[in-house]
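Given next, in structure tokens, is a single chain: the form predicted on its own.
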Amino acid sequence: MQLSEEQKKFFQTFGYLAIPQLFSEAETEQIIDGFEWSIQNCGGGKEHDGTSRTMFGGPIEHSPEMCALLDHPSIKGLIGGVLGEDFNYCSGDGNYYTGDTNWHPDGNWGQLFAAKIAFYLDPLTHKAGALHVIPGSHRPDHFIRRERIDVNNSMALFGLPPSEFPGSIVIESNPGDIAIFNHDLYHASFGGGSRRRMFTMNCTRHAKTPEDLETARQYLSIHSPGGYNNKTGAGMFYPTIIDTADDERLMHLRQPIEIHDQLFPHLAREVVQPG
């Protein structure tokens, strides 16, 4: 897919886009199967008992089929339309969610530097775990940021529960739908079951200026395996996504690998010399 100018303007203005049924039914089934294999075999899913969230890193990086999401024309068109065709893929997280997530942004960059692509693998509604967003809250001049309002304290402040914060909207979804939003956007989810399946891909602009490179270093110092002190066996990414990559995929991996290896050389992938 290619984003229209109206969709790009919507994202710039409101901080998010929801794309219904980006994937076919067959593709959605394959993605769900791939996610379940990964969280069960690589992400602690077998121990999930519903009392707390189960999370693991790099959910698309553990099997060739899931790695191929980074090659999918619709995913590349969606991310490329927001961040540029040479965007950086910067890992993500996979989850069995339990309970509310409360309001939060994933960053405070003050610009469109990073975006999250969210895959929700169960039907979700207003009171059953669907994504809530506050449109425009990614902007530094939004009243929440300007007045430093604690959105999660809205009952004490305004007599309204956080799930009903004025101006917020709910993006109900079904498997196969996709949401993408600016890392600075306030978002949350409320209610739902104790095993809500969701995974993300985090992406950034390709850094081309000294200022962008510094921002990329700040971003990866936090949002990366090294930032979480997580050993992948291959530095920035789990090995499969690198080992199965062609040149087009590597374009989205090289800069994060280079920066991550500079920041966390002790986690860099060891190169075995021939002979």
Ligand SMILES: O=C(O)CCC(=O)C(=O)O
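When you see a residue number, it is the position in the sequence shown, counting from 1. This structure is a prediction, so every number in the text was calculated from the model and none was measured.
Missing here is the form predicted together with the ligand; even so, the following discussion is about that form.
- Query: For the spot marked by Thr101, Lys116 and Arg196, is every residue within 4.5 Å of the ligand in the predicted complex through some heavy atom?
  - Reply: Yes.
- From the candidate stretches 80-88, 135-143, 185-193, 169-177, select the single one in contact with the ligand in the predicted complex, where contact means a heavy atom within 4.5 Å. Heavy-atom contact with the partner occurs in 185-193.
- Message: Going by heavy atom distances of 4.5 angstroms or less, which of Leu121, Leu131, Val151, Ile75 would be at the interface with the ligand in the predicted complex?
- Response: Only one option qualifies, and that one is Leu131.
- Heavy atom of Ser163 within 4.5 Å of the ligand in the predicted complex: So Ser163 does not count as contacting the ligand.
- Query: Contact between Tyr96 and the ligand in the predicted complex at 4.5 Å, heavy atoms?
  - Reply: Result no; Tyr96 lies far from the ligand in the predicted complex.
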